[in-house]
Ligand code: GLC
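Single chain ahead, by itself, as structure tokens, in the form predicted on its own.
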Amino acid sequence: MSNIEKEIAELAHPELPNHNDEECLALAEKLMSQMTLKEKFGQLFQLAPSNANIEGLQWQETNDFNDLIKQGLVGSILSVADIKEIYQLQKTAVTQSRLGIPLFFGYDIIHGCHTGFPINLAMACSFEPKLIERVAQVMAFEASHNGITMTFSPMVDLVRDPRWGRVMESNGEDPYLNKLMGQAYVKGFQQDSLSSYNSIASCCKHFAAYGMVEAGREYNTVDMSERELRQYHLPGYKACLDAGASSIMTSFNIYNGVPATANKFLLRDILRNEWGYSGFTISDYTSSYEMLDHKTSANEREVAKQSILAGLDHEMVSTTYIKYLEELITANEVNEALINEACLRMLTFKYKSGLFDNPYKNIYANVDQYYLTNNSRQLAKEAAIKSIVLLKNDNQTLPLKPTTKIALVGPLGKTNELVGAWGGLVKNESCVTVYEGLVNQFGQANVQFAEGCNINDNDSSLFEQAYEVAKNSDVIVLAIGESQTMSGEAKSRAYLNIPGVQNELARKLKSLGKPIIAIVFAGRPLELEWYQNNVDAILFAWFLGSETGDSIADIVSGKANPSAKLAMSFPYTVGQVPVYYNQYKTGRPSATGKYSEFRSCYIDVPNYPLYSFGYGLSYSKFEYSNLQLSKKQISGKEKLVAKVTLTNTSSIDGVEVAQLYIECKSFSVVRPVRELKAIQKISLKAHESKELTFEIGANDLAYYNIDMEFTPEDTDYIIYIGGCSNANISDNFSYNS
């Protein structure tokens, strides 16, 4: 055992005091009174050491990072997860810098630390915030025992363009669902106590509206009206901050022509003045440097000036603050009070996190004992089952009987590369393959495998082998889709097809005339029209993490019943993008959504998506009936109560996600055709009925009107309730102020 290992083994983890906000602020102010100006600058800089686990551009500075820490010029560390290195860096800060101010350690724990959970877009399909909160608690437990103080999560960018690789990290296209899921992540990560040994701080991102990059191209331009920003995009961030998120990260994009990292309207006018947010702001990775490429800053000195004036507290990797802030203060171009404000926020956070009470609070010996426990894997399996969307199931193809002879064909059938992008410290080796899962359920003798082809090349030499294997089966299970490296940051795609020759393989197997079940893996919605028309069943599996194979096998065998609903619409073709359920009403609508001359439509595909938001099948069958509204008119703060009967008309127990939408009949500005306002996830026994009750009020009906007032106006509304965004059971009511 090395000396470092011995020191780590001797670390204690006593109960820490839980300082309230006032105490933390007072302690931070007292410490600041002892700090030099340079030491204050240091608290505003996040360093990525040369061996940091970075997905992206590497830190190019030549300064020795240990020397910077000793000088007190580093406030936090990015993407270091080796427990011995974390200990050494923290020990340097605490014992060798003048004031011994501890570092905090940030890492992207997005949908798993060591236990791999489904990608975030997949988990959003659960429509179950409580599940998300439990998942975040497990991620926090593993991360907090791996030296990590803060995660850069959740991402609550609203998304409508599946070409963007980072849709996989989102909660989908709907602002209401986005709010619910964002809050659940924050609560799960932080658990109402940053000083706990089991929690980590949450930094929500990317502020603001990064999900709307033009053409779905990473790091690209965002341009929208303030009404669009406030109505659809800001609510997700606001919900996270209301839930107590410790920090918020600026986005790479511009808003109203100004980079978000130096956007005063976003960072001061909205964040501080309107919302009264007291946590700290942090740039995205080198996003302050990138103002030079935006051409809104002529040099790094201007970058530092514009950013601090706009309200950026903590600079990730870029070094303009520690280089130029002193010069800017001396030249009277920046008021020292701004530095004090930012530094105070950083120190207050560290006191809240318990780092001053125990700088080594997140450092443990024998860390493997905290990872991939039976409980965490069981939760990962539950989350995976609740994330798999059944898109098609003709003639009750699924579930399969236990004696079914299965030909598992496809490049994703035996691979364990199933974590998905932004997988934290999750290893592929932890993932159960589809083959292993099916063998566990159906037995070795009943499952034969053939790869058929690779994911993303034009080699069809393995087709014949797959064809021969499939000939001897009762059913063909196709494991196809994207590789896990085809989505995530900097993984935008111009096409949404299943890549390579996988479609050609599927067509060849179709000629056998056997039932085909397509299991599709991807980090985004894909074009699936051929599969909808030609295969018998489709399971959209996204990337499910550690328990992929067993969760899929449970669905295929009927041990589990699908319940997930799409959090993002699937287009017929990329030419429809963006296509989403809550589109604005148009002046020349197509009555059917199909071609009609001199109407808003295509001549070759429908307006609507192949699979809409909220869509997802079950082995059970559900029926909605007897919708009743408590009143035909509400006013002021009155609540409208809507009741509906939900019946499981099948002989299989199941779970349904009931969704309530509204439509405004007329308003001072154009509103969407429908807006989601409430969800309920209901378990029903076979042939059981339950009466569901929903409440909505003025705030649910409100919208930014022509005068930018958030109001329901005095007008008429329609309520729709059902199992998808195209629900057709409805009734009318009016609102009167």
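The first residue of the shown sequence is 1; numbering continues from there. This one's a predicted model, so the numbers in the text were calculated from it and none came from an experiment.
The same protein also has a form predicted together with alpha-D-glucopyranose, omitted here; what follows describes it.
In the predicted bound form, every residue of the candidate spot (Asp108, His206 and Tyr285) has a heavy atom lying within 4.5 Å of alpha-D-glucopyranose. Stretch 245 to 253 is the answer when you ask which of 379 to 387, 118 to 126, 498 to 506, 245 to 253 has residues with heavy atoms within 4.5 Å of alpha-D-glucopyranose in the predicted bound form. Contact check for Lys350: every heavy atom lies farther than 4.5 Å from alpha-D-glucopyranose in the predicted bound form. Within 4.5 Å of any heavy atom of alpha-D-glucopyranose in the predicted bound form lies no heavy atom of Glu527. Although the partner is absent here, Tyr360 sits far enough away that none of its heavy atoms falls within 4.5 Å of alpha-D-glucopyranose in the predicted bound form.
A residue is said to contact a partner when one of its heavy atoms sits within 4.5 Å of a partner heavy atom; Trp422 meets this definition for alpha-D-glucopyranose in the predicted bound form. None of Tyr661, Tyr611, Phe152, Tyr321 but one reaches within 4.5 angstroms of alpha-D-glucopyranose in the predicted bound form through a heavy atom, and that residue is Phe152.
Proximity to alpha-D-glucopyranose in the predicted bound form, defined as a heavy atom within 4.5 Å, singles out one entry of Arg166, His114, His314, Lys565, which is Arg166.
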